[in-house]
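In structure tokens, the next block holds one chain alone, the form predicted alone.
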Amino acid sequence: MVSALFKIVLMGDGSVGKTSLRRTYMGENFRAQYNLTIGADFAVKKMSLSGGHDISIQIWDLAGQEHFKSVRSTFYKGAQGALAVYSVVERSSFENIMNWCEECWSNAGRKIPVVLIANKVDLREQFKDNPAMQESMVSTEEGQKLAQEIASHGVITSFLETSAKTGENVEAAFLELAIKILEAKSWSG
């Protein structure tokens, strides 16, 4: 049996659902109201992977607002993987993902694995008949293309669509990142 501790960061613009993803993953109740994360929030959870890997993950939920950028930089140190989160109904959060990746890699000191997360997919149906919202919606195909762009930087990358509200793919996102971190470790020796 192999046991390990992985430090991961949840990064992305404010209000994309990073804290809600973490809370849902930790088995806490979903909260519809938005509460600003100040600096970073922290949680630890254990998981068992096939092949006898018992993993503990430290989840660092980073504040998304620009004015926390200088504080955030220290939280990337030692990170082994990242969940890069955008909202499917906030195009600007999607357009900022590469900035988040660059900030992460710069502060972590290396290009760590990234699982690109398209969050709030439950809102697509709710806003499908709203022309004003259609312009800011991000399609699955656009998310897949962005994941390919991240991978083109020599980064182990994958893409998932999630809903912190319904729980869709939330557990899978964290599991996928743990697997990607293990892949990166096997590649680097």
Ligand code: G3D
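Since the model is a prediction, treat every value here as computed from it, not as a measurement. Numbering starts at 1 and runs along the sequence shown.
Although it is not shown, the form predicted in complex with this ligand is what the next lines describe.
S.K.: Hey, in the predicted bound form, is E66 touching this ligand, heavy atoms inside 4.5 Å?
M.R.: Judged by the heavy-atom cut-off of 4.5 Å, E66 is in contact with this ligand in the predicted bound form.
S.K.: So in the predicted bound form, does any heavy atom of E176 sit within 4.5 Å of this ligand?
M.R.: Heavy-atom contact with this ligand at 4.5 Å: absent for E176.
S.K.: Can K180 be called a contact residue for this ligand in the predicted bound form at 4.5 Å between heavy atoms?
M.R.: K180: no contact with this ligand in the predicted bound form.
S.K.: Answer yes if any heavy atom of L49 is within 4.5 Å of a heavy atom of this ligand in the predicted bound form; otherwise answer no.
M.R.: No, L49 stays farther than 4.5 Å from this ligand in the predicted bound form.
S.K.: Is any part of 120-155 within 4.5 angstroms of this ligand in the predicted bound form by a non-hydrogen atom, and which residues would that be?
M.R.: If the 4.5 Å heavy-atom criterion is applied to this ligand in the predicted bound form, 120-155 yields K120, D122, L123.
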